[in-house]
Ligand code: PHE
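This document starts with one chain, in the form predicted on its own, laid out as structure tokens.
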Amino acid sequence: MQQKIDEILNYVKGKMAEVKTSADCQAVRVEVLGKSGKLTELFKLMKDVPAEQKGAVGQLLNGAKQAAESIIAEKETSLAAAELQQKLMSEKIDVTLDLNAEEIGALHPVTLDFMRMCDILTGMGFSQIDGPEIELDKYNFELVNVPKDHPSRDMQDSLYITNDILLRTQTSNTQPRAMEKIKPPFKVFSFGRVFRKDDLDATHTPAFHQLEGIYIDKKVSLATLKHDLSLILKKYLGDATKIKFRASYFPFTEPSVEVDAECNVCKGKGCAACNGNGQYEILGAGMIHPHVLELNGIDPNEFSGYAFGFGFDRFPKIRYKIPNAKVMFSNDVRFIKQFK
């Protein structure tokens, strides 16, 4: 019996010297210790061992089994460590790789300037709100006092999807939505794309960005509007920028004003960038019409407010002296790179 056990253990040791993988070790384990394994077959012979020798033979076989298990386990541990190391090396990531090898992009000038304007407005107590680009006629026109026969409702000017749904023509659609959800007093602004059937030229595009601001409180006056807008524009365009308020008309404000800023390309002399006018019309504003307040459930005898709207793409156009609005939406990487 001892001779057979020694032969099996020597066989296991020889096999362990040859195996290359954990799977090979498992195959040897099955061959020696499995149901029909070499050592298992010796255990089956116990029934033929005389009773007085069973204890000694059993002890001998159990010792052989433990020895075989130990030899195989030791090899499995060694192979597992080697396989893990090989896997780690094959999946190694070089954390010292220079990430600056790839060129980093730049923010669009409209985005850069909105971030700047956002800082100015939030610093003055305004909070940002959002409104949908695909809008109901009710919010785009009716609740801001634009009647059915107003020219801006013309199918040639606005992009209608159905009779009651259109692409918003202005961010003024956020006015009634704000008054519907927020109780005065409040100061809010919204920013986003608006859509009109404009011809593409140096100062117009059919899709552009607009920023709308609203302030509703007791005793808000035209003087409040002029003060706040002057402060915003001076902070944004610079203290030396010449601005001018002039009377105008909008259906949702009364009285209404438009604000012009001197063209910083030609310094007021007239050029292609400003269509020869020497100045830009940069925003429309006014006191929110009492009827608009009534339509949106606010008592005009208790509250008043102002609203202003920027054609926002003109702002970076002025700040960065961009001569033509088309280039801002040309997808030309050379243009964007200038704003890194």
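All residue numbers are counted from 1 along the displayed sequence. Computed from a predicted structure; not experimentally measured.
Although not depicted, the form predicted together with phenylalanine is the subject of the following passage.
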Problem - Proximity to phenylalanine in the model of the complex (heavy atom, within 4.5 Å), stretch among 232-240, 72-80, 172-180, 85-93 - result: 172-180
Fill in the blank from the handout: From 250, 114, 195, 186: within 4.5 Å of phenylalanine in the model of the complex by heavy atoms is 250
Fill in the blank from the handout: Partner-free chain; cross-checking phenylalanine in the model of the complex, the single residue of 158, 205, 210, 145 with a heavy atom within 4.5 Å is 210
Handout entry: Touches phenylalanine in the model of the complex: residue 284 (any heavy atom, 4.5 Å)
Key = yes
Practice task
Find out whether any non-hydrogen atom of residue 305 is located within 4.5 angstroms of phenylalanine in the model of the complex, and reply yes or no.
Solution key: no
